[in-house]
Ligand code: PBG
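There is one chain below, alone, in structure tokens, taken in the form predicted alone.
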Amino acid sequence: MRFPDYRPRRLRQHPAFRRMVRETRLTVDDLVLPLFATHGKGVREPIPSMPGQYRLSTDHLVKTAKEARDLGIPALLLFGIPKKKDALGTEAYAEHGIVQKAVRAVRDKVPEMALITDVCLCQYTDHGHCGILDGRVIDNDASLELLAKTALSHVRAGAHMVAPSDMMDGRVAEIRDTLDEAGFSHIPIMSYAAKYCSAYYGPFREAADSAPKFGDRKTYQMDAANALEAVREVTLDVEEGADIIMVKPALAYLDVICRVREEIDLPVAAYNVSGEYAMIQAAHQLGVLDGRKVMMETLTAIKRAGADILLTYFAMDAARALQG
């Protein structure tokens, strides 16, 4: 195909033509909205580093879930902010923990909404790490029982899917076995399979009060320089029983999403994380970028790279934009 016989601009001249030949289509069905649940009543506390996002008590969380449902968003991802923390993260798997309360409230008032729960210990431990400690070392194998216990407590409360984000080796198999033995073999697992140790998580750690009190997470989250390792991580989680695998963050790891999509035939999720959200919001507030247009371009790029499911704080704004 050589000019002048082939002219690509011919199919760009009319908006209808551009729609007809569009290769990547972003829809509201692709979106999952993360929300932060907190104890209390009437709480709608703004998160300073994430304009437009809030810590929500269950009454406000239910209102937000209804709004998301009315926009056509199919699912929420729930994080919890506990009243107290301890070395074993006991509120993570307590019957009346914050995520468990939030799940019950939304199931009761918004039964159409699919509920995915983040399974990790970092918000609940007094040291802020994603597993339990042996001295100052994260004890991988000792953490698995508590992570599985957390997942089971979420499912018993009514979660439709669990999403382990801790990056402990073997946690998908432990959770799968625990759910199956308890009679929940129908509950899917969305694994944070390729979760990188990223500076893009900064605003989230403020929102969830989950920053580690010492050290960092480099011994369990992935090195940002590695892509082949992501394929190995994903393959392990598939073999252990994951139903959906996730790459996190999304925007700086589009190549990883693409590579994983080519290697794996399960649904691929990508998490458009807090730092990616905050950068676009900050640039919009400064008048440097058109936030709405950059939001849609960013989400389209993540889907174009190969993601089937987009977890994003922009979910409601994107849903409104898609409605025109």
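Just so it is clear, the model here is predicted, and its values are computed rather than measured. Numbers for residues come from their place in the sequence shown, where the first is 1.
One more form of this protein exists, namely the form predicted in complex with the ligand; it is left out here, but the text below deals with it.
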| said: Counting heavy atoms only and using a 4.5 Å cut-off, do K149, H160 and R176 all touch the ligand in the model of the complex? | reply: no
| Segment assignment from 216 to 224, 80 to 88, 140 to 148, 67 to 75: heavy atom within 4.5 Å of the ligand in the model of the complex | 216 to 224
| message | Is it the case that Y253, even though its partner is missing from this view, gets within 4.5 Å of the ligand in the model of the complex, heavy atoms only? | response | no
| request: Classify R205 as contacting or not contacting the ligand in the model of the complex by the rule of any non-hydrogen atom within 4.5 angstroms, answering yes or no. | output: yes
| message | When the contact criterion is heavy atoms within 4.5 Å, does D118 count as touching the ligand in the model of the complex? | response | yes
| Contact between L31 and the ligand in the model of the complex at 4.5 Å, heavy atoms? | no
| request: Could you check which residue among T38, S274, Q281, T298 gets a heavy atom within 4.5 Å of the ligand in the model of the complex? | output: S274
| note | Of the residues spanning 191 to 208, the ones with some heavy atom within 4.5 Å of the ligand in the model of the complex are Y192, K195, Y200, Y201, F204, R205
